[in-house]
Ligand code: HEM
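Next up: a single chain in structure tokens, the form predicted on its own.
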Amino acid sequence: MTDTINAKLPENKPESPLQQTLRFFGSMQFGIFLLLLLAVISAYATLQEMEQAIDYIYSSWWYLSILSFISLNLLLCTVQRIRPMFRLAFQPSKSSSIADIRNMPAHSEVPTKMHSDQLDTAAQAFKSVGLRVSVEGAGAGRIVFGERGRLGYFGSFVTHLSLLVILLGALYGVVTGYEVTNGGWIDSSFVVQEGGFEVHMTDIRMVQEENPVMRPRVYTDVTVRRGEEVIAQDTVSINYPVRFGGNTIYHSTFLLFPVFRLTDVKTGESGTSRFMEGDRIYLDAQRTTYINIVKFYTNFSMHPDGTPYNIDYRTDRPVVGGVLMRGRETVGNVLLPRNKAQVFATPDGDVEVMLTGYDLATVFSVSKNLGRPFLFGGSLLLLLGLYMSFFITPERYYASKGENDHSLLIGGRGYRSRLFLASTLQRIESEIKRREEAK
């Protein structure tokens, strides 16, 4: 006989519409359907751009509805298992007949002395292997009952509960949270409308690694204000975010903005602007002549075939590579080293272009997720549930006098596994024999 959970509905009593509805939403079939649907949608979302997946899938009402129904399914499954699980764990059947013991997955008959107190010996042997022991019944029908691993019955219950906490935490985080990307250079600011605060970058420092081929580390000193009040002030770097009031500022990446000075050769008028890769440097008022910035090389060099490349992340030899355009016509490639002016002819006259340096900028990911504590707690609860399911095995053992007074009949059964039954019974049998020999 194997321990099972029997949750029977009252016989000959029709279910109410509410009971039928709850039974449907709490059924395993409905749960499996929802999980398969979620898996298909999540697989599709991974093929989309991250921002599109977040905005149009993960934050959509229908995706949140699926998560809500999964949460409801887990909740109903969990509630339905409480009473039978509690009854199985704390109200076990402690009596068993000789025939029942012989039909258990593991059983044995141990010879004993005729006038010894066999059941007392069995009880002591049960205790010696770590079982919680009680003697049930009276007279010739007495049974020694022993058990251990009672918490193992609740492994699946705790696992279901942890998944429910994780899902609810994720839903709470999506509904109450946000995630935006922004940044800037030294002494610039940006406003996070969703959080109602402003982030000001007071300083940005780039520290090269010992091996310059490795990406350098960037440290950004930020001051966060809500109105005139400073609510946070710290340094953000990779793997070291700034957290305040449920908000988090993560370092996403850094950018180098080449700075150019453009001078009208005829009039001498000049101006300085910063650009980034992909921008256009317009050289005339009609915007027909421009340089399309292709690449900013911080430590420039060229292969033998004339292909430019970056030696490493050092900034020893900054050069901007671009393409000179007149309308839709490509004039040719240009290389603009630092502090070396080049003159370009335009319909408005000659223009001098010179790379004067670069500005360092930081890109942040700013998010708020009030569900994160629930996700963390649910993860810990999930680990506990898995440990209880796989490493705590409920076992129950019974001992009774055999058909005569010369033997003890012992047997055991487990809730999920029979792995340890035979070895435990062997230890019990050895202990009984040892005690009998000592008498």
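We call the rigid core the largest set of C-alpha positions that still match within 1.5 Å between the two forms. Position 1 is the first residue in the sequence shown; the rest follow in order. Please read all numbers here as calculations on a predicted model, not as lab measurements.
What comes next is about the form predicted together with protoporphyrin IX containing FE (HEM), which does not appear here.
K.L.:
If we define contact as a non-hydrogen atom of the residue within 4.5 angstroms of the partner, is Arg416 a contact of protoporphyrin IX containing FE (HEM) in the predicted bound form?
P.N.:
Yes - in the predicted bound form, heavy atoms of Arg416 and protoporphyrin IX containing FE (HEM) come within 4.5 Å of each other.
K.L.:
Could you tell me if Leu37 has a non-hydrogen atom within 4.5 Å of protoporphyrin IX containing FE (HEM) in the predicted bound form?
P.N.:
Judged by the heavy-atom cut-off of 4.5 Å, Leu37 is well away from protoporphyrin IX containing FE (HEM) in the predicted bound form.
K.L.:
Looking in the predicted bound form, any heavy atom of Ala53 within 4.5 Å of protoporphyrin IX containing FE (HEM)?
P.N.:
Ala53: no contact with protoporphyrin IX containing FE (HEM) in the predicted bound form.
K.L.:
Closest heavy atom of Ser379 to protoporphyrin IX containing FE (HEM) in the predicted bound form, within 4.5 Å or not?
P.N.:
Taking the distances in the predicted bound form, the answer for Ser379 is no, it never comes within 4.5 Å of protoporphyrin IX containing FE (HEM).
K.L.:
Quick check: do Pro258, Arg274 and Val334 each get a heavy atom within 4.5 Å of protoporphyrin IX containing FE (HEM) in the predicted bound form?
P.N.:
Checked in the predicted bound form: no contact with protoporphyrin IX containing FE (HEM) for any of the three.
K.L.:
Scan His251, Arg148, His160, His107 and let me know which has any heavy atom within 4.5 Å of protoporphyrin IX containing FE (HEM) in the predicted bound form.
P.N.:
So the residue touching protoporphyrin IX containing FE (HEM) in the predicted bound form, by this definition, is His160.
K.L.:
Going by heavy atom distances of 4.5 angstroms or less, which of Thr362, Gln118, Asn73, Asn247 would be at the interface with protoporphyrin IX containing FE (HEM) in the predicted bound form?
P.N.:
Residue within 4.5 Å of the partner: Asn73.
K.L.:
Just one stretch in 394-402, 40-48, 366-374, 22-30 has heavy atoms within 4.5 Å of protoporphyrin IX containing FE (HEM) in the predicted bound form, so which one is it?
P.N.:
Stretch 22-30 is the one.
K.L.:
Which residues in 384-418 have a heavy atom within 4.5 Å of protoporphyrin IX containing FE (HEM) in the predicted bound form?
P.N.:
Read in sequence order, the residues that approach protoporphyrin IX containing FE (HEM) (within 4.5 Å, in the predicted bound form) are Leu386, Ser389, Phe390, Tyr415, Arg416.
K.L.:
My question is whether Arg23 is one of the residues whose C-alpha shifts by 2 Å or more between the shown form and the other one, given a fit on the rigid core.
P.N.:
Where the cores coincide, Arg23 still shows a C-alpha shift between the shown form and the other one that is 2 Å or more.
K.L.:
Could you tell me whether the Cα atom of Ile66 shifts by at least 2 Å between the shown form and the other one after core superposition?
P.N.:
Ile66: C-alpha displaced by 2 Å or more between the shown form and the other one.
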